[in-house]
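Quick heads-up: the structure tokens below are two forms of one chain, split into structure 1 and structure 2.
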Structure 1
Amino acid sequence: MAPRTQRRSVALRTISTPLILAALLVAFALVAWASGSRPFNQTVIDIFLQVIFVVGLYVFVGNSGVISFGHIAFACLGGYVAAWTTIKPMMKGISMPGLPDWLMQLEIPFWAAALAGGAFAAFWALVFGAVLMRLSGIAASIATFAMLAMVNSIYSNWESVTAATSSVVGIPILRVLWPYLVAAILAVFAAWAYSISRHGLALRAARDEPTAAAASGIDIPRARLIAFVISGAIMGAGGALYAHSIGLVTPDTYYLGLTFTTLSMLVVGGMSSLSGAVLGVLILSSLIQALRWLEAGIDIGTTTFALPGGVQEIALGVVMIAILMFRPAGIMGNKELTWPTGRGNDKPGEPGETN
């Protein structure tokens, strides 16, 4: 822990990490903008959304060390908030007749929907978290899985409000890049701000030395709950934006597939590193794109070479298992990206490192 006189500079000493990550994201956006290709644009949007999800998951998993399989449930809550608040009232009446009147008439812009989605998800994170955070590590992980299944089961059956398993269409589609870029950068900065805050430090202390942390007066369930709510809010906002990127929502959009991709990106990048979260997305997204391209088939001479469907997920799974075997802390380990020559690098006690 830095001495009191240096405390003000904790933010300054560590701000290079989110700045570098933001610059990386801006660079991706510039490449997409310069290329002007529509499919590539969509790919970069997907990458930014995935950055939001993985960073949201990192806020809880990275700082608390408790694996959560349930965070995509918050994305689902946020996604449906976007559907409830941005679809034209007339269309809502047809697909979701059970909505209350005030919600039926509501039509708000996408950014407000993202905020509302984040707030709605944060509220439910508070409710679920109050119960789940009482459990210990592995039991808590399984319980988050049950939470995901519970949300999915409710949204798949509540015909009048969520149109059950059929897709809810008519969400205004947002094809421009900047809202996703801004949201991803905001998520990165929020995660950074949380991890250098008093609560973030307390939670990381509890992750590494639970007994000592509890003895020092850290209320571990409460510290976890704070992280759970913040990460829930980020996931909710991401879920709402995801709905805007594809224009429709179904409960299964936000289920095991997305959970698996998000978790594998976090694991590959490094679970306890914000830079790892972002790099994991960038690396695995490139791999997924390459495999999608191969699954679609490429022409070599006169024959078309195509991989069978499913190879993409199998490859992701194999990469994930291999990383866990040979480098369990992920590509970044506990390190963060910082300026190559800067004051205060690799200082013990710096937030972002395990100590």
Structure 2
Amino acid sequence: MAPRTQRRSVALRTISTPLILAALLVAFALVAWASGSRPFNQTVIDIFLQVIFVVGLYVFVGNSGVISFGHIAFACLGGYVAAWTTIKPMMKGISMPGLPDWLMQLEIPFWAAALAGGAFAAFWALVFGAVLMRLSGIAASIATFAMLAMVNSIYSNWESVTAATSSVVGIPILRVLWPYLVAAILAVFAAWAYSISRHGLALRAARDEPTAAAASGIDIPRARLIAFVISGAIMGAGGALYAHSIGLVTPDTYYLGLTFTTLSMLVVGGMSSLSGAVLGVLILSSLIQALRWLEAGIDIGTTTFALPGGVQEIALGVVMIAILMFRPAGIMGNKELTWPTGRGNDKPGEPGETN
């Protein structure tokens, strides 16, 4: 194959990944819209938010190979930015009297709050990452968990600014499906754009062969820091949108439960794959919803069939164990969903990877 044609084939295969994933998300949105069910509409909104969180986590974990237990801290930062900037000034004065006057009077739309939340989280990702990204392996993972615990502790005790452990209510609730769909698609394309950039390629080289990468002149802490900041921004924006989806925030909303749910979806889908990150969310979220319906009961003729309470958690655990037994690297491993290019030796690989 001529070099120009080969390059075109590789480019088509690479861009096809985010396009396919975006099409899957659009399909979920259309099903929810066609159903006309408000509960199902909220379920799909929750799925899109999980996509944002898992994709944000993938940007760092998938490209660096360093497990992070602390990324939900950035979602917490973004969620409180939404509270500080969108709640009515009178309500802020009651629940958060310690806010500065300019922030007390500020009232912006949800999309601006999401951007502000992403920027605020990116700033703190830069601050924390300047120290943490010099670590590696289990030390780095434990340090990220310490970061999560630190943010949770500060926000749980800063009563005049965060209302401590009390729920901060009054955040405008957004139950329209489409903004969350757009945000999830933007997160997917941002992750894809980073993964094919020279910074993403350098970080994956450092992940696979750290000694050779360092010998080639790659500044590994700097490469990790760039991914850490980008992933922090995505998580912060997702945290702000999450606050708008439920209308309130507390520090525990963004703590261990969301941390381990997000990590499990990434691991099941495949940590080294953007497609795996999205499919992990779609598959596990669909399974969780199906089990909820079965626990609530389904009428079959004159009989109501319902699973016993607690079966949801057991079945979900069994499915996750089974997937990881037969696919230790996750459903997708390190492969991506791609369009066929007509070449017999074309195989899906990581974004930007050529064969």
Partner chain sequence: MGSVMQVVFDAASLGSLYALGALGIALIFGVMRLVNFAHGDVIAACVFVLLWPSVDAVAIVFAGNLPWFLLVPFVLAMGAALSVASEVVVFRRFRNANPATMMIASFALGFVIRYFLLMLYSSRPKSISLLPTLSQPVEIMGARIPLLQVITIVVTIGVLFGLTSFLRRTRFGLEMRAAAENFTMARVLGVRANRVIMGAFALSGALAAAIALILGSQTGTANIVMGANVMLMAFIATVIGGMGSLAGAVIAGFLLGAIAVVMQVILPPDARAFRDAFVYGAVILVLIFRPQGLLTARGTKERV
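One-based numbering along structure 1's sequence throughout. Whichever C-alpha set is largest while still superposing within 1.5 Å between the two forms counts as the rigid core. Keep in mind that this is a model prediction, so the values were computed, not measured.
Only one of structures 1 and 2 is the form predicted in complex with the partner chain; identify it.
Comparing the pair, one sees that structure 1 is the form predicted in complex with the partner chain and the remaining one is not.
Establish whether a shift of 2 Å or more occurs at the C-alpha of A322 between structure 1 and structure 2, with the two forms superposed on the rigid core.
It does, since the A322 C-alpha is displaced 2 Å or more between structure 1 and structure 2 after the core fit.
Fitting the rigid core first, would the Cα of P308 be found 2 Å or more away between structure 1 and structure 2?
Comparing forms between structure 1 and structure 2, the P308 CA shifts at least 2 Å.
Taking the rigid core as the reference frame, is the Cα of L30 displaced by 2 Å or more between structure 1 and structure 2?
For L30, whose C-alpha is compared between structure 1 and structure 2 after core superposition, the shift is less than 2 Å.
Can you give me the Cα shift for R292 between structure 1 and structure 2? Core-superposed, in angstrom, one decimal please.
Rounded to one decimal, the shift is 3.1 Å.
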